[in-house]
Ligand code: NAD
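In the form predicted on its own, a lone chain appears below as structure tokens.
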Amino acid sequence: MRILVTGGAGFIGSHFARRLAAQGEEVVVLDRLTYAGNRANLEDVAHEFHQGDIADPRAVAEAAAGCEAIVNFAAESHVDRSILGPAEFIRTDVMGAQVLLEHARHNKLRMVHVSTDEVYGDVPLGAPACTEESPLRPSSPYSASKAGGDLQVVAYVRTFGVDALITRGANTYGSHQYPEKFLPLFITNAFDGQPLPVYGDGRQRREWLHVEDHCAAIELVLRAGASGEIYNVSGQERENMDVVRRILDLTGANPDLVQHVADRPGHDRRYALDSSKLRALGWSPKHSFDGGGLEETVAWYRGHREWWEPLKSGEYRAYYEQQYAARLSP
């Protein structure tokens, strides 16, 4: 099968491209190569590469020529950046999704749209996990833009009969994740003796999903999911401070590096997903967060400084200063 992987030079997308290529599939990657896109993530993956924007119909048509399916990972995906500047999130996450759907519509392609648990919004402690029927209550410009993309998928399925599906995954972790995100930020800062900026009291709760388990779920949905359906991909729920303490243990960093800073505006306290629907298709996670998943991830960053050290300069440094300098001031 010839499959277009959009955002395939990013974190989850590159893992998915590698997975498909290992199975002998013909992989085509379309990526705009923004700050989080990295061709080095694909250096050992057999693929055809196109640099372009999913919001550009011509770029999509060129990359998708001859493809039988599209799997859309392309997104602006960081909540903090969406607070600093929401407009780009709308363009990519909503308008880009619509362009892909329009191409899928006219060329009879199957499309899997990769979304997030954040579209469901805050889940009170003790409340049941969200099912695919739960209402969408996004809190941030990022999660609202992802919800907008999801709704475009739902509309194109209902109105035009497009063969499209949605996956909504938990916080994903593993190798090759850009160091602005929680785990790689804290792991690499711990290695360098830099502050670990914990938002608020650190009691927020997230589900952690290994990138290989996430990719296995998306592949299963691509191959066996029912057209028009949504599938949650859950992880293992942990409190942020528990994760921070485990990072300190695994890196040997000084606990004094932990600094509680001003919380993110509109910060959700908890996400929780019910993945019974996906498990009924035959999916189950193979990696345990506490049973080796986090340890393996820390080991990868320890052994691949040549990958992440260059990223923590230039654009990243300017963002980091804008996001954390005032928060970390004495």
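Numbering starts at 1 and follows the sequence shown. Everything quoted here is computed from the prediction, not taken from an experiment.
Separately, the form predicted in complex with the named molecule exists; it is not shown, and the next lines address it.
Contact assignment for the named molecule in the predicted bound form, among Thr251, Gln98, Thr92, Gln194, heavy atom within 4.5 Å: None of the other options qualify; the answer is Thr92.
Option touching the named molecule, based on a heavy atom within 4.5 Å in the predicted bound form, out of Val221, Ala190, Ala75, Met111: Residue within 4.5 Å of the partner: Ala75.
Which of 112-120, 158-166, 222-230, 126-134 sits within 4.5 Å of the named molecule in the predicted bound form, heavy atom basis: Stretch with heavy atoms near the partner: 112-120.
Triple contact flag Gly10, Thr34 and Lys181 to the named molecule in the predicted bound form, non-hydrogen atom at 4.5 angstroms: Yes, because Gly10, Thr34 and Lys181 each have a heavy atom that approaches the named molecule to within 4.5 Å in the predicted bound form.
Distance check, Ala104 to the named molecule in the predicted bound form, heavy atom within 4.5 Å: Answer no; every heavy atom of Ala104 is more than 4.5 Å from the named molecule in the predicted bound form.
Contact label in the predicted bound form: Gln177 to the named molecule, heavy atom within 4.5 Å: Gln177 belongs to the contact set for the named molecule.
Partner proximity in the predicted bound form: Ser139 to the named molecule, non-hydrogen atom cutoff 4.5 Å: Ser139 lies outside the contact set for the named molecule.
Proximity of Pro285 to the named molecule in the predicted bound form, heavy atoms at 4.5 Å: Pro285: no contact with the named molecule in the predicted bound form.
Any residue of 41-68 that, in the predicted bound form, places a heavy atom within 4.5 Å of the named molecule: Those in contact are Gly52, Asp53, Ile54.
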